[in-house]
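For this one, two forms of the same chain are given in structure tokens, first as structure 1 and then as structure 2.
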Structure 1
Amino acid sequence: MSGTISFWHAYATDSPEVKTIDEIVIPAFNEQYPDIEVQALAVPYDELRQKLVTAAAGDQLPDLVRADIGWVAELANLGVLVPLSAEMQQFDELASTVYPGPLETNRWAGEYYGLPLSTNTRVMLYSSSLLGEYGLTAPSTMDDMNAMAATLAEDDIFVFADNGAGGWNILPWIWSAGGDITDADVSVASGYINSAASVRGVEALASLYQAGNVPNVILGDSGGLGPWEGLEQRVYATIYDGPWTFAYFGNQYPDFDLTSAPLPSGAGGSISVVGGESIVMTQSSGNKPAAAAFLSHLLSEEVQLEMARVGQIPVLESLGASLVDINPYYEHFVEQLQTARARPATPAWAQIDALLQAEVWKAIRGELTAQEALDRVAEGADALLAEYR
């Protein structure tokens, strides 16, 4: 087997992830396949989806893409992905080794268009020494969060920071309040995203912002401190984020006492959002056998363990028991994944996500009530979902 394959991903260049791909993962593949050249390209996450959509229109996609799990159905619906369950010889063998939940995020119209590559979720992250100075511990309920906000406000410390209000950010607030997004068939949003419980979730965040306990960065204010920088500077007390944060802080702020805890519980429990990436093969690939070989390599125990060491939670069930041994900070992520939920699998999700953020921002700013904002989301989402029934 020989030739060249291209691989686009969004591994972080400011963490050890890209170095591990370039200096360990690809060289290990070339030990077995010395005549296959892998051209890996790191694309910033915020730019990757649009780059993929643009490349798809021009039939310029790479052979393989590490895609957010929320993009697979959209790309499959565009007809640019290979249905791996129908066309990849090794699919059944590989699918049998991964967690069923992440695998299902790759299913669209009766076929699987990708295989999970990594999984993750958001937990609460904070400095235990900062909270300790005020006699506080990580809030376990929303009532605790509100009480903490009042204490920290005396010294101009924001109780919580986030960098947006899209699904990745706001769904934990909605689900933990007992709300939902759509029905089980992902066919309608009215009655779910604008239910009383969903409204309470948005109100909880909006009230913290309007009381001055959440900074403007949640509204996309690029001039303010980002969540990581504000946490490190002890201006923000808590943030929600994924396991890669530990790798970043270990690299950039090695003396910071980054600590984790499950998200505060509401009426619906402590419910976070499942994230992660899948590996997909494109119809544009001119060397599908070589692409399949590298795809299989990425799902080997050897590679999954290497990436686990730099903050990427493996998807292989065989490695589940050893995760905390690999990185002790995985403990709360593994716990949070037990109740975390996935975003609705629909080609319309990117549009719904943008609509959700735009309307929730209005509720946060006080321009609309949470009910008014989510009623607008429900109406728009219903129309988008109807296109795929």
Structure 2
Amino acid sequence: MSGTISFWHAYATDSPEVKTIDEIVIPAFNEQYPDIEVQALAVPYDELRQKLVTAAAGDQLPDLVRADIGWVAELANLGVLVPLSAEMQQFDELASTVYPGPLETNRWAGEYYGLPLSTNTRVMLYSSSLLGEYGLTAPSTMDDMNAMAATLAEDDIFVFADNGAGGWNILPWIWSAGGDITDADVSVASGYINSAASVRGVEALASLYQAGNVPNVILGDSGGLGPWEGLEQRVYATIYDGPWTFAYFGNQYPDFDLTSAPLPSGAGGSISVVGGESIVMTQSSGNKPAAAAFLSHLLSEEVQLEMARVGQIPVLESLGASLVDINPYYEHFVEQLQTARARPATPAWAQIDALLQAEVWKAIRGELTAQEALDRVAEGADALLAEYR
């Protein structure tokens, strides 16, 4: 096999990720395939989606893309991705090695258009010494969280902070309360996103905000104290966030005793949201066999372990047990991933997410009841989902 393949990845240039790709992952691939040249391009994460859309319109897509799991269905719907389950020989073999949850995010219209590359989720993060001063431990249920809110409010400490009300932020509250977003086929939202359980999830957060226990940053307040800064300044007791928080705190606040715990349970359990990235192959790829070879390489144990060392949680089930040896802080993330769920895989997600954010925002402020807000989301989401059915 020979030729050149291009790979857009959005690994962070200000962390060791890009260095690992360029100096370890690609050279290891070239030991096996010396005649394939891999041209890797680090696009800033915020710009990648826009760049992909522009490149798709101009028929200038690279061979392989490391895409956010939320973009796969959308790109597949545009018709620019190769349905790997139908056209890639090694697909079944590779698919059997990865976690089923992240794999499902690649499914659109009956085919798999990508394979998971890295995964992550949100857990509860806090300072154990701060909670210790009040004789508290991490809340394991929503009732604990409410009790904790009352204790901390006496000293003007917010029990919880988050920096938005979109799906990434709000779905853990809905799922943990026993709610849901759509039916299993992602064809209808009514009766799911506005069910009594979903409403209770949003109400739990809204009532904490309205009682003054959650700061304004959740409403997108610019210039307000962000979750990380507030946690470090001991103004916010807990936040929900991903594994990158440990890397950031390690650099910025090395003395801070950042501690993790599973999300507090509600009636539905302790259910967080799956994030992460997939690897997808484009229809315009001029060298699909070489692209498939590099794709398989990225899912090898060797590469997944290297990337795990720089903060990317692997997707191979076989590596689950050894993760804590690489980074001790992976412990609760791996545990939380057992039950974490993915946002619905639909090309309409970006629009549903914007709608959810706008309406839940009003519910948190008390302009609408949680039921009214989620009824509006259900109505809008039904119409959007119908367009892609």
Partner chain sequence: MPGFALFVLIMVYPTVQAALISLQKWAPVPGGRSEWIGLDNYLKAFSDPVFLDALVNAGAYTVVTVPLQMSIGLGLALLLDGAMPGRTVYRVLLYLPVVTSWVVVSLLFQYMFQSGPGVANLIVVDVLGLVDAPVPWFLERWTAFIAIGALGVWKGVGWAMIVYLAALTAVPRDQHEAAALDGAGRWGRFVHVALPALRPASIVISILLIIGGFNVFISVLLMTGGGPANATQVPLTYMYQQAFEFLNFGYGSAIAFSLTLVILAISAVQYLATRERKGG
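All values reported here derive from a predicted model rather than from experimental measurement. Structure 1 provides the reference sequence; residues are numbered from 1 along it. In this text, the rigid core denotes the largest set of C-alpha atoms whose superposition between the two forms falls within 1.5 Å.
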Between structures 1 and 2, the form predicted in complex with its partner chain corresponds to structure 2
Picking from N106, A363, T119, G311, the place where the chain hinges between its rigid parts between structures 1 and 2 is T119
Expressed in whole °, the turn of the smaller rigid part against the larger between structures 1 and 2 equals 17
Cα of I36, core superposed, displaced between structures 1 and 2 by (Å) 8.4
Superposed on the core, the Cα displacement of L305 between structures 1 and 2 in Å comes to 2.9
